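Just one chain is shown here, as structure tokens, and it is the form predicted alone.
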Amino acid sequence: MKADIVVIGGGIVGVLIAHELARRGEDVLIVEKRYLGSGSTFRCGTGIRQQFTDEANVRMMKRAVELRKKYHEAYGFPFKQSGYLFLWYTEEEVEYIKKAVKLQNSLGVPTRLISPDEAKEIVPLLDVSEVIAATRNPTDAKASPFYALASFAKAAREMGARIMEYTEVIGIKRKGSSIDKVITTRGEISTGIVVNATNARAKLINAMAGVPIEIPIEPYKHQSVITQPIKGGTINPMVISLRYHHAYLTQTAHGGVIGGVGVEEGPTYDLTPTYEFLRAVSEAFTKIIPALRNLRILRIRAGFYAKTPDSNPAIGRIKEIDEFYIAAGFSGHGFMMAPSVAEAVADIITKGSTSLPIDRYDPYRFERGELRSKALQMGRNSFY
């Protein structure tokens, strides 16, 4: 079998990279160990936010929202700009977040600092007795990872991309510094270009290719819940409270409440749900919205935060290997960031450069000891 470009990993990032390459007329093949979305994608919390605290992430997320809106209109998958609502409890937090709001506004993201009463108008069931301010961006969004991934995969196929599911990569052959073949459980694929989009398993693929630098991406177990349905429109935005276990929650199109907290375990590839998480999420959700106290949890699911030391991904070309690229280590941000990452990676492969600010995600920064400021992430142990 032959393919000009092999994308290893069939999560949202890998599928969108293949979609973007196929859209440009490239011969591309996705290889996925299990089924599409089986890693982190189908276990994500559905949120898509632009409320970050550094320029590169704001710009990347703003572009991702623009692209997702465009493809929502073209493909019809559910996408709702219902906003994010961050709750703040101390003057220190408010002073810090004011700087982020100013940055976001300067880049065209319409975040506003609002009062607790205004927050309660948006989500009437909120307990704002301890809240001193909130931030609200109405253009932040949420989308179904199932419908989105299926839509992009279908479109990619229609544009000529091939997809091999239940196919594990077990080796990568090189001729000198050039990629020669990708070895799988279903045979060899002759290719000259490989994209490592395996996220939590990226270091395993890097080792197969002989990547000579350390790119520290480790899998950490994060869990989420889905509850029985409640009245539609009760919790429209994604609600974030860093005070209460870094909780996030919103309502799905089917009416259930989906969300999680920052109970983190790892590094590990174990995805067994835990009682510790169940206790923490129950405490956090009922602190934020007391009316959820008697709500039944229907399911607990676990997925990976593929984390780097600064909670920013590794995106770019590995210089020592001709045409080997990485887009992994998204630290919980892969679903929301995928469209702009796909555009940037496709730009680099087909044009040699991109106008998107991916220098921040340079895979070589770890070797140089140049960690970035940490991306604002649900599940961290501190605010800053």
Partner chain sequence: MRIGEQNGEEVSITFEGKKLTAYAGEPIAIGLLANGIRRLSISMGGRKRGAFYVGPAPVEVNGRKRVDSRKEPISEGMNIRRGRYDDYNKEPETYRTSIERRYYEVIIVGGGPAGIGAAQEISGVVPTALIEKEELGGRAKIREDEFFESISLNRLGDVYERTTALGVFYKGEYVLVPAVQGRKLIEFYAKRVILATGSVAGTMVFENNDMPGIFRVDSALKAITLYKVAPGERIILTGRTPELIDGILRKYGLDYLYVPRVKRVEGEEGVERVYDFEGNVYEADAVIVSDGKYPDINPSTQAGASVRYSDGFLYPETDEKCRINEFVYIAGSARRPFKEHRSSYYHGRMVGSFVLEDLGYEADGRKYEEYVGEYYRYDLGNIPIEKLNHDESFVCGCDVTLKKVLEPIRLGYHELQIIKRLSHVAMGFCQGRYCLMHVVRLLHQLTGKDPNEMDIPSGRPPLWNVKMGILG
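Positions refer to the first chain, counted from 1. Please read all numbers here as calculations on a predicted model, not as lab measurements.
Keep in mind that the form predicted together with the partner chain is missing from the display, and what follows is about it.
Only one segment in the set 86-94, 238-246, 267-275, 99-107 has any non-hydrogen atom within 4.5 angstroms of the partner chain in the model of the complex, and it is 267-275. Only one of 183, 132, 230, 213 comes within 4.5 Å of the partner chain in the model of the complex through a heavy atom, and that residue is 230. Think of it this way: in the model of the complex, the partner chain has a heavy atom of just one of 193, 113, 164, 292 within 4.5 Å, and the residue is 292. By the 4.5 Å heavy atom rule, the three marked residues 142, 337 and 365 all fail to count as contacting the partner chain in the model of the complex. Within 4.5 Å of some heavy atom of the partner chain in the model of the complex lies at least one heavy atom of residue 299.
Residue contact check for residue 70: none of its heavy atoms lie within 4.5 Å of the partner chain in the model of the complex. In the model of the complex, residue 34 approaches the partner chain with a heavy atom inside 4.5 Å. Contact check for residue 178: no non-hydrogen atom falls within 4.5 Å of the partner chain in the model of the complex. Contacts to the partner chain in the model of the complex (heavy atom within 4.5 Å) from stretch 115-142: 125 only.
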